[in-house]
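Presented below, as structure tokens, is a lone chain in the form predicted alone.
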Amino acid sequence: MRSQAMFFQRRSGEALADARLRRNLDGLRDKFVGMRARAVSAYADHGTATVPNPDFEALRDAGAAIRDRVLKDLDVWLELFEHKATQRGARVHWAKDGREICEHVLAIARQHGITKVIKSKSMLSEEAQLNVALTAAGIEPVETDLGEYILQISGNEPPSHILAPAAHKNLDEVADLFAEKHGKPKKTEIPALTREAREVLREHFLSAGMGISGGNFLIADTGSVALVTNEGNGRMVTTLPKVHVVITGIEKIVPTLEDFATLMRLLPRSATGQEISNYVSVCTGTKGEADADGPEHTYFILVDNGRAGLVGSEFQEMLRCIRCGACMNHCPVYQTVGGHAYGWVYPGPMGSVLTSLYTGLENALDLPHAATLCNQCGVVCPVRIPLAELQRKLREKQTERRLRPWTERAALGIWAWVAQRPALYALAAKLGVRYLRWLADGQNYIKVLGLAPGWTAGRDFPAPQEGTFRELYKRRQENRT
């Protein structure tokens, strides 16, 4: 899967040619962007006697501060979490990479005689390709999130969005898939399709010996995992089987329940435009004598897989990410090509950065450039990750390591040399504008961009106005006086 991140240009070209995918993405954009905007706008209307006028920007500052506080002493918080979780009856394992994740899970499954596993969304299990390892070991994995389940029965497709994994499919596609795989008459209404999925999955919930989930947050002072879902299957996965395995990244720690409450004011509003998700579960330890349900055995697998190397680096801010998906929902590139073009688990602006850092810049040559640097992602990020700036830094790293084509590096070098000489820059700008207007031949758009025809292979290039920026600015100032 990692090698696929190298082929963004080819995959994005295929996505642009897929008219049905473009229509599906248009619906996703309209839904998530509008819902977040309304939720943020309404936040100020929920004042209390002690906080009469809540400020969403101040809330973002508080969220970023919580995440920075953790990252400053990440090892301390992880040790505290391990101590508290162990006190509550859980066992904590550490995994360096995807291979070790699979080894831990398979060892736990063999220890308890597991033949079937039910899963609630875990991006770490996607990083590790855990389903492949389980199947190879003779253990049946069953995805229970509706989107993940759709992708599994569709041929184990990878997710295209971290919140809506099957966002690239429309209602008719899902209806045809259910009719084919379930052997039932085709249904065309969403309530009927979701009921059919529940009926199919119910048997798996009751017969599985192990449940595997991710974790939105790990709470250090209680040794708990917090799960935020809208379908309710997460609670079934974490309470019905006798074994519950949590697989999550080491950066997901928050110090206290109060910190978790603060971040929960940010997460659902940024992700789905909700004040609170339908289900918020805080799971601690194992089933007690007085408990009606819950697992008899709880395991935490805390995963590095490239995260520890970012601590203390110039990319540490990326570890603040709470996986809300707001950056991709507002990204014009993701909105146009979808998630599969990015080639790995994480798409969009956060994926462009994470994939490059976790898998290596040499394995994701195009992803730092899969952005307009418009910074819409940074504007909506609930914990203020400067995503556009991080992408720019990755571009610098690629150039320094000579990972970009020599022609590109030479062009950038020439531009930098000219830009440092104002008189020469002004002359080059004047000649460039005249050249572009000559190519336009009196039209508003350039059909073929001369020395760089690739720019106009799939679109027209806007013709510049008459005059350079300096000339236009001077003319404007003269008109004012």
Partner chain sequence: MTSRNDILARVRANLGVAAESDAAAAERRQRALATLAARSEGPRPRISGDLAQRFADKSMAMASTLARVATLAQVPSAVAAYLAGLALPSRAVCWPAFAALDWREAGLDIAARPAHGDDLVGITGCFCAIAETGTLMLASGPDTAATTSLLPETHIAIVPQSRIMPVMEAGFALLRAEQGDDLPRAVNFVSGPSRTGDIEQTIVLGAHGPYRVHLILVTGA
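Since the model is a prediction, treat every value here as computed from it, not as a measurement. Numbering follows the first chain given and starts at 1.
Only in words, not in the display: the form predicted in complex with the partner chain, which the text now covers.
Asker: Only one of L78, L130, A371, V380 has a non-hydrogen atom within 4.5 angstroms of the partner chain in the predicted complex; which is it?
Answerer: Exactly one listed residue reaches within 4.5 Å, namely L78.
Asker: Between the options S154, T194, N375, T115, which residue brings a heavy atom to within 4.5 Å of the partner chain in the predicted complex?
Answerer: Contact with the partner chain in the predicted complex is made by T194 alone.
Asker: Please run the contact check for A137 against the partner chain in the predicted complex: heavy atoms, 4.5 angstroms, yes or no?
Answerer: Heavy-atom contact with the partner chain at 4.5 Å: absent for A137.
Asker: Is G183 close to the partner chain in the predicted complex, meaning a heavy atom pair under 4.5 Å apart or at it?
Answerer: Taking the distances in the predicted complex, the answer for G183 is no, it never comes within 4.5 Å of the partner chain.
Asker: Answer for E231 alone: is it within 4.5 Å of the partner chain in the predicted complex, judged on heavy atom distances?
Answerer: Yes, E231 sits close enough to the partner chain in the predicted complex that at least one of its heavy atoms falls within 4.5 Å.
Asker: Evaluate Q274 for contact with the partner chain in the predicted complex, applying a 4.5 angstroms cut-off between non-hydrogen atoms, and reply yes or no.
Answerer: Residue-level check for Q274: yes, a contact with the partner chain.
Asker: Tell me, please, which stretch of 161-169, 381-389, 404-412, 320-328 lies within 4.5 angstroms of the partner chain in the predicted complex when heavy atoms are compared?
Answerer: That would be stretch 161-169.
Asker: Counting only heavy atoms and a 4.5 Å cut-off, does the partner chain in the predicted complex sit next to every one of W94, Y279 and T284?
Answerer: Checking in the predicted complex: W94, Y279 and T284 are all within 4.5 Å of the partner chain.
Asker: Can you name the residues of 198-235 that have a non-hydrogen atom within 4.5 angstroms of the partner chain in the predicted complex?
Answerer: The stretch touches the partner through R198, L201, R202, F205, L206, D221, T222, S224, N230, E231, G232, N233, R235.
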